[in-house]
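The same protein chain appears twice below, in two forms, each given on its own as structure tokens and labelled structure 1 and structure 2.
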Structure 1
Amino acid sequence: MASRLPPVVADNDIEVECLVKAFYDTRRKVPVVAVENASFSVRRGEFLSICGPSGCGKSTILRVLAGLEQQTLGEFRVAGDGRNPAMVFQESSLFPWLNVQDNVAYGLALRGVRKRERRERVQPLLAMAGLAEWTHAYPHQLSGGMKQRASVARALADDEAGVLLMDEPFGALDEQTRVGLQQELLRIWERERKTVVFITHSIEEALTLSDRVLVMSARPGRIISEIDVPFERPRDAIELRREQLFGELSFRIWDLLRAEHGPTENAVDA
């Protein structure tokens, strides 16, 4: 059973112990293990990324933490009062009938926060996300990058959720937009300092954003390495790419994945 209890260690917001997730393949009529014996913790205020090949169980772990799926074996604990963590999905999840301001304030409205208080909470976030001029615009009037910024702002607006789960939120965007949003996320996160678990295929994205990176094997997904990211904050998503150590860490992760998959396998999308 999933545990919704305060973390065992006071400085941790998330603890995962021997997590296993298996599915039944109805077509082949065999069980499939998606995640195998995953154990890790996330410190309060830490930005943790999980990267690995497609199908390795990264998103499955996130969905278990979010309460969207039930683990098969193992336990996890997420700090809080029993509420699910805030989550940002790969595809925009904005409501088309609400404008940007009301989309970002939606969670607050569900909690019964008064309209004036909602506006006071979301306006600084809209400004930080570069959406102040689009407050009354509707999703169909926004670019893909703007929609994702609004989705991030909505998750951050939930001030009762100290944990933010992000499932490849920039994966469908072009590289230039993606790096721009990494820059925005770095800037917003510096202000909010929420605990983040971020799923990505991109090694460079993981190194740009994170304090620590977990690298997973192909299915059944196992955590094969933990990489501490030493770059000081605040960071510049573009300037980081000039750092020799950035290239060395990137190669280290590629080498881990190559060892798992063989030299000819395209282990991960960079």
Structure 2
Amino acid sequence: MASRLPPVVADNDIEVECLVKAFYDTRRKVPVVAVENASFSVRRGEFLSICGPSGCGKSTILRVLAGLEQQTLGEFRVAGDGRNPAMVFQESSLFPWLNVQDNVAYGLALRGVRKRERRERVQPLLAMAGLAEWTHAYPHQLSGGMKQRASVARALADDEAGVLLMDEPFGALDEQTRVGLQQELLRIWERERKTVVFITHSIEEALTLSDRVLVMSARPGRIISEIDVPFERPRDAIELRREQLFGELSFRIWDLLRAEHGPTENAVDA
């Protein structure tokens, strides 16, 4: 991509500068700014979450980084050889026509890795994702949580640069499955120490997983704050919620988002 920054020697795996993404709304016949001037960087091995209400353009930023959309203005750089960083998608994105093993090995297959080597490389990932017994199952035979674990395994299998993009991967799951998968993601991240950009609308999820949270506001989509999450690792997704700081940080983010909405209706009445 011509507009990517030249590779620089730095500890940052991702650098985004003044990224703007605008759409033309064909129905209302007006241009819409989805992302306004986003600038941030992600250190190597850092877990960064971008948190905000729906429509704030957080997914758009990720789609640009994933090579799925072209930015309108601005530049970005992602570590690696110019291939797109692997992405874990929002909803069930496994190909229904491939079994679990072949889904996870999809990126390897595209790169021409031989079948036997593919299977060898994928097997430990399947075991890590708790899917060893489901190697030959088709996606329609899996539960929602298992599908997303397979999606994470697929992204890990195809990841050369050590950068993972995750677009609300647990958003469609029920709360218990969701916390369970957060636990597993924490465990996997502890082991692999990938650079992760994680999109979520859940403040709790962002605090549970990340080293740093970028808070975005909607219309226009803008990064309004950056919050460091100081919890020690390894973390436990459930124990973390007992900590006083967890509550304080989450209220800080709530206040930021509330300030964006302006005074509430009650306040106007009073």
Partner chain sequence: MTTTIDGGSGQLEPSAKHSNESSAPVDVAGLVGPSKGDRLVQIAGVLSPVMIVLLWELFSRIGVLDARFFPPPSSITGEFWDLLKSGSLIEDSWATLRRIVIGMVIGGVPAIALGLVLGVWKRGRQVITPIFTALYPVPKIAIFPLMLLIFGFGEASKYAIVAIVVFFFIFFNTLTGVLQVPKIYLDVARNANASRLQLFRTVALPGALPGIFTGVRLSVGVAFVVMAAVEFVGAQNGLGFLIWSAWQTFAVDSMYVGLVVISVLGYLCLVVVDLVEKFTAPWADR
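The structure presented is a predicted model; accordingly, all values stated were derived computationally and were not measured. We call the rigid core whatever largest set of C-alpha positions still superposes within 1.5 Å between the two forms. Numbers given to residues start at 1 and step along the sequence of structure 1.
- One chain, two forms displayed separately, with the form predicted on its own being the first of them, structure 1.
- In the core-superposed comparison between structure 1 and structure 2, R187 has its Cα shifted by less than 2 Å.
- After superposition on the rigid core, the Cα of R118 moves by 2 Å or more between structure 1 and structure 2.
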